[in-house]
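First comes one chain, alone, set out as structure tokens in the form predicted on its own.
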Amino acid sequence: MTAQGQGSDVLVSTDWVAQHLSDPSVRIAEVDVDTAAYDQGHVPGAAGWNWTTQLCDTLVRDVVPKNKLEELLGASGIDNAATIILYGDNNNWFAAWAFWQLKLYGHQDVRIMDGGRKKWLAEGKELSTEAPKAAKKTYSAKAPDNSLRAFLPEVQESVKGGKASLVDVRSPAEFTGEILAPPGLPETCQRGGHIPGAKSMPWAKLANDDGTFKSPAEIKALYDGVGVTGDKPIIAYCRIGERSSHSWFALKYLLGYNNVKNYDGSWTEWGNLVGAPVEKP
């Protein structure tokens, strides 16, 4: 099965998705910041995954537990052989977060619909308000591949030794400490600023106006401009790990940099940590 467009193994166009709505080997899932958006109309046949309850551990701050992911995928009609297409609002913030978690647990064929919900709606493509009736499947996830994930001790070592390029993908106002979180979002921190040595590359710069990713050449030029060239490991972070998943996806899959990790503890961990240094302009 061949996807179309740049990053052809991981990005598919809205047209490609429209042409594969009845393909039994393809399963689609919508993951939105606004968890009510799915019910207002979604790609026909798409499952709706709630990031606040289904894609995280609700008792321990962590990614979705292995058994819960297996239950979610099985209930969505997804087995290990399925091609999973993810999309969502906000230029695929949480679609990228779901992609990252699916790769953590070893799913082979997972892709993002370039442009997400925004582009699908702008093009006037078919919408459904019906929940899909997918036959339940059995899914078996692998043990998590933590080479895709940065934990606090590794970030602390990077600050001390400069062994990795730290990329802060939040807005410029968050990077400088002017604000603690984007308007309307509750997860916050005690202090503003950024991790010492981090480069600012807002995730939004990687997207075109229609929600699609910019070309690999354009994205590479942006990162080259702040000195992030892939010559050493890269650790991306934001506030809770979803925007940095979007940048992680671009760095790893569109630019092909091998050693890229998502620090999902991000600023809500670092900004609340006793004794952790913070930089401000």
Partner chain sequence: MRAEEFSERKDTIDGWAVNLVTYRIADRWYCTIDNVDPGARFARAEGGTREDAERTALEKAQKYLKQTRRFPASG
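Residue numbers count along the first chain shown, from 1. These figures come from a predicted structure and were not determined experimentally.
Below, we turn to the form predicted together with the partner chain, even though it does not appear here.
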Worksheet item: With a 4.5 Å heavy atom cut-off, would you call residue 36 a contact of the partner chain in the predicted complex?
Response: yes
Fill in: 4.5 angstroms heavy atom contact with the partner chain in the predicted complex for residue 182
yes
Worksheet item: in the predicted complex, does residue 174 have a heavy atom within 4.5 Å of the partner chain?
Response: yes
Worksheet item: Would residue 207 sit within 4.5 Å of the partner chain in the predicted complex, counting heavy atoms only?
Response: no
Worksheet item: Taking 107, 154 and 161 as the candidate spot, are all three within 4.5 angstroms of the partner chain in the predicted complex by heavy atoms?
Response: no
Worksheet item: In terms of non-hydrogen atoms within 4.5 angstroms, which of the given stretches 251-259, 220-228, 63-71, 27-35 touches the partner chain in the predicted complex?
Response: 27-35
Practice prompt. Scan 95-134 and write down, in order along the chain, each residue with a heavy atom lying within 4.5 Å of the partner chain in the predicted complex.
Written response: 117, 118, 121, 122, 124, 125, 126, 127, 128, 129
Worksheet item: Considering a change of 3 Å or more, are the Cα atoms of residue 180 and residue 187 closer or farther in the predicted complex than here?
Response: closer
